[in-house]
Every structure is written in C-alpha cells, then in structure tokens.
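Next up: a single chain in structure tokens, the form predicted alone.
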C-alpha cells in the first residue's frame, strides 16, 4: 500500500505544490552541481546549511501533507514520507528502524550519491546532505517534534566508496 500523495499542478500559474509547498523538479545533474557550488563557496559551513535546508523543506512539506490527510500513526507518517521521497526520484528509504528517538535509515539508490559519482566520481566525504536533512524533517513531522531537537548525519555513502548510503537520526 502506497501512502504517496501526488503533487498538485496549477496549470494557469505554472506552479506545482506538494503539502501546500511549492515544488520544483530537477535532475541529479542539476542538484549535484548546485550542491558543489554551495560546497565550494561555503566550504566547511556548507554541510550544516545543506542539512538544515533539507530538514526545513521536508518538515514543512510533510506537515502540509499531514494537514491535508492525517496519518493514523507516526509509523504511517514515516511510510508516507518514504513513499513521497521515492516518488520524487530521490531513492527508496528504509525507515523500519526509525522511531520517536531517531534511528538508522538506508537509502538505495541515493539520487545525490549516484548523481555525484556519475558527474565527478567518488569523493572523500559523504554527499547526501539533503537526504540527511530530509530524514530529520521526517522525524520532526511524524512525531511533532521541534527541529532543534533533531540531528541527522550520513554515516556511509556510495559517493565516498561505501557499499550503501546510511544515516543516523538522533533526537535530543
């Protein structure tokens, strides 16, 4: 059973929304080029900004989806988030070990890791900052937590030579 909700298109205005938030579709080439531009410009400050942006985008969109059709449980909200993530082409999230206290998540394949490797080859550090932020936003939305209580980071990354992309979400 899929919990995915399709984006809404306003053809007169040329605007697509999901969960009441504007939605823009970009390919992995565009997204990793944008990420690299931000990383080159901000250096060590880039990862924190990229994770925070992913968290806020996910939290706001998922809260909007919950306002339109509330999930019966946090577990259902997690499944909806994973289905929505996959439907947008970012990869398939395994959120089975994710709960109110955080947990571990894998994604296969990661839009960002695959995009990075296809464009520039492997890198020395993980590349999936948006995914890490998205997962923090998922936990915030599913369990109605303040985003300040959540940290999320990528532990292993295909773009850095690992076999899979894995993440750790912690709730404080």
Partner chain sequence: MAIDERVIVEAVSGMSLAGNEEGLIPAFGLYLTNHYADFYNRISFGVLGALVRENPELTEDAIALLTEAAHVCAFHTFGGIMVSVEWDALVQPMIDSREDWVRGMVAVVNALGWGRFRVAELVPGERLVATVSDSYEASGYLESYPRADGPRCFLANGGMAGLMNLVYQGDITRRPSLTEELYREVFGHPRSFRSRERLCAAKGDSHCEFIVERMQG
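Numbering follows the first chain given and starts at 1. Small disclaimer: the values here were computed from a predicted structure and weren't measured.
Same protein, other form: the form predicted together with its partner chain, not shown, and the subject of what follows.
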Does residue 26 make contact with its partner chain in the predicted complex, using a 4.5 Å heavy atom cut-off? yes
Are any of the heavy atoms in residue 146 no more than 4.5 Å from a heavy atom of its partner chain in the predicted complex? no
How about residue 155: is it within 4.5 Å of its partner chain in the predicted complex, going by heavy atoms? no
Is residue 14 close enough to touch its partner chain in the predicted complex, meaning at least one heavy atom pair within 4.5 Å? yes
For a quick test of understanding: in the predicted complex, does each of 38, 54 and 111 have a heavy atom within 4.5 Å of its partner chain? yes
